[in-house]
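Read the single chain below, which is given as structure tokens and is the form predicted on its own.
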């Protein structure tokens, strides 16, 4: 049965509703989500993506026999929208969560040499669930641990709806609450850099408070970590495409939109090479600078504010050894340039040896460094962290660079992030950079797609799909 007959077939004795259509521009997680939500509500949807595949900045590619993710992406149990997305594309089993938060943390900045600590939770209510882990965390002194506990309680008391939080930087707030430089490095930035893509001094207090309150101080299991045990392309391209096809969405890749406009009847025209698509609604799910260039005049009060939303890079270093050198799925590191190391051997299809991926957030100083320089910097650091690498042969070394991986979560960015609705009727925005209340994560992208679909369905007079993710939209 086609999408038309499914969505517009009247019930007995009821008049037939006119067909409604939408074009979603952008095939990342935000665009895929919006397209699925609209199609599930009976809207005829066309999804346009300029790249040759779906998934946005969370994708895979081939390098010889390896299937490589462009970067290591994880999510947390509190990422309820992304978990809904995985369910919707039937990919939950391929990206499982830990049974319980457990993060090994190796510290090289110790006189006695390498030292292992852990951040893990106990089956106790908040904040006791992290009490034992913090009390025994070897990378901080006893006095520093006590002050961390007091700062966490102060953080828990912040009101995320307070707009003044966005005007302050997280680093200054931590210093004012007794956090030493060592505590920031060994705990606050250990978590914050990976989730915010910025060090504490460069991050909005509002976004940082949201991360720590939601992830560590809301529910005992909120910070349990999940990650794809298959290439990201299996989830965000193949399974997403299958779900879109089943929902009746027309998906076109390698299709770049050149302009969008309205006609005299108020319908939207979307121009692509060789074709003009007409629709009742358009969801613009592209990066902020691309959105700036496509938005028609008057769609936002100040469209140039989008150019004020900066970007931040992420560098990923990939190393293939001829033997196994790491016995755990991942770890974080202190006292070294290395931040997080993940074992990607099984997911990549590697049959012999071991493949490690190093995820380096807030990588402004290294994003353009030559591969040879990065090799000289990171291989000796891996030898310091993992003694088993010292006799191993490096079979391959390469890097992937995402220069605009996320929006920069700087103080003041909150007032620049627009909501889903624009002033142009029928035109909506989606993307992790929009006003979701979250930093630039997969969770934020999915939430933005749901918000855009909700706004479009409301304007089109169509009911919300009963199984669509439910949340309170950010102000």
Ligand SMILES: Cc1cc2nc3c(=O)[nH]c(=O)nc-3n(C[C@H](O)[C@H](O)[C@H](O)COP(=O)(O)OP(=O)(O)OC[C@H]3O[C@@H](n4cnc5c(N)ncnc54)[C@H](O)[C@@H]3O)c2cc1C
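As the structure is a prediction and not an experimental result, all values here were calculated from the model. Positions refer to the first chain, counted from 1.
The form predicted together with this ligand is left out here; the points below concern that form.
Only one of 234, 396, 402, 381 comes within 4.5 Å of this ligand in the model of the complex through a heavy atom, and that residue is 402.
Just one of 41, 57, 408, 435 comes within 4.5 Å of this ligand in the model of the complex, counting any heavy atom, and that one is 57. Interface residue remark: residue 70 is counted as part of the site for this ligand in the model of the complex, having a heavy atom within 4.5 Å. In the model of the complex, no heavy atom of residue 356 sits within 4.5 Å of this ligand. This ligand in the model of the complex comes within 4.5 Å of a heavy atom belonging to residue 290. At least one heavy atom of residue 255 is located within 4.5 Å of this ligand in the model of the complex. Judged by heavy atoms within 4.5 Å of this ligand in the model of the complex, the contact stretch among the candidates 144-152, 72-80, 182-190, 322-330 is 72-80. Residues 314, 316 are the members of 306-345 with a non-hydrogen atom no more than 4.5 angstroms from this ligand in the model of the complex.
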